[in-house]
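Here's a solo chain for you in C-alpha cells, the form predicted on its own.
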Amino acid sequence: MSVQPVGAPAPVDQVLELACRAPSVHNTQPWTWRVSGSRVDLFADFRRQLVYADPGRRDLLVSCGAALHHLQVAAAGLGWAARVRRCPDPGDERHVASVQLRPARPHAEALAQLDALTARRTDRRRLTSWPVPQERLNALAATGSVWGAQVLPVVDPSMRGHLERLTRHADRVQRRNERYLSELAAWTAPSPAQGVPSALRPVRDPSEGPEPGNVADLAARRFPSGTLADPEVDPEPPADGMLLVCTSSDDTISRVRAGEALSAVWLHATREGLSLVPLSQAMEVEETRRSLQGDVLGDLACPQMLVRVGWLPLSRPDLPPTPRRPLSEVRTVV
C-alpha cells in the first residue's frame, strides 16, 4: 500500500473500509460510523446483537472495540493521527467512541501494522503440533495489555484444563437451547455480506462424535460443517497456546478496551505467522463466566475473551477475507 504524502492523507472512507475489516462475533459487524469532516464517531448497532449467544452484549462491544483499534491502525498507516475519546456520551451507551483525525506522516511500524490488518484472517482449520513458545505468548500478551486490558498467557496446566472444561460445558449448555441453534444457523446461512460462509467453515467428518476432541476443535465445530478442506497433516494433537483477555471492571468501556486489546494481539499474531481464533463460549454463559471469574481469576479481574493461538501447516493456502457489508450501509455523513 503506497504511503500518502504529508498533507494529503487517504480519504476517510478508505480508513473506514479498513476499519470494517475488524473481526466480530459471527461476523455480525455490529457497528455504524458517523463522519463529519475529519471526525469519526463509532456507534454500537444493537439491532445486530446475538440475543441468545450474547445476551449481555459483551461480544458485541468487544467487536466494536476491535473495530476501533482497526480504525486507529488504518488511520496511522494512511496518513492520519487519531485522537480517541471512548464512551464520550454517558447518556448513550451506543456511542462507543469519538475519533478526531489529523494529518500525520506514516512511519514504518504503522505501515507494518497496516499490512497485518489487510492480511489478518479468522482461520478455524486444524493447528499443528508445533508448540507456541512461552516467550511468544508473553510478547502477544504485552502487546494487548498496553490497550487498557490485561492479557494473560495461560501456561499453567491446571488453569488451562479448567478453562477447557468451562468452554466445553458452556458449549453444551448453549447447544441445548433451540433458539441459540436457530440464531447460529441464521448467521451461517448463505449471505453475500455477513455471517460465516460455508467456504470458510471446515468440512466436518461425519464419523466425529458430538463432543469435540479438544478445545481447539470448538473453534471449528461451533458452526455447522462447511466446504473448507481441512485434511489432517499432523497426527499429533495440536499444541496451541491460550490467552485470556481480562479487565478490571465489566462496564462498557472495559469491554471496548478488551476489543482493542484483542485486535492488537491478533495483528501481532498475524505478523508472527500465527493463527488466532476467539473462544467466547465460557463468557457467554453466566454459570461458566462466574466460575471463570471466581475460581480461575479469584475475582481479581473480569474475563472478556479467551483465544487460542497456534501454527497452521505451511501447506495450507491462505483464506479469502470474510464478506463485509458495503460501507454505504454502515456509514453516514453529516
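Start at 1 and count along the sequence shown; that's the residue number. In this text the structure is predicted, and so the values were computed from the model without any measurement.
In what follows, reference is made to the form predicted in complex with a small molecule, a form of this protein that is not presented.
A heavy atom within 4.5 Å of the small molecule in the predicted complex is found for one listed residue only; from Val99, Val73, Leu140, Leu262, this is Leu262. For the candidate set Met242, Val151, Val196, Leu166, a heavy atom within 4.5 Å of the small molecule in the predicted complex is found for exactly one residue, namely Val196.
The shortest heavy atom separation between His69 and the small molecule in the predicted complex exceeds 4.5 Å. Using a 4.5 angstroms limit between non-hydrogen atoms, Arg120 touches the small molecule in the predicted complex. Residue contact check for Gln293: none of its heavy atoms lie within 4.5 Å of the small molecule in the predicted complex. For Asn27, a non-hydrogen atom is located within 4.5 Å of the small molecule in the predicted complex, even though that partner is not displayed. Contact check at 4.5 Å (heavy atoms) against the small molecule in the predicted complex: none of His107, Gly144 and Leu267 pass. Stretch-level contact analysis of 222 to 230, 77 to 85, 243 to 251, 151 to 159 against the small molecule in the predicted complex, using heavy atoms and a 4.5 Å limit, identifies 222 to 230.
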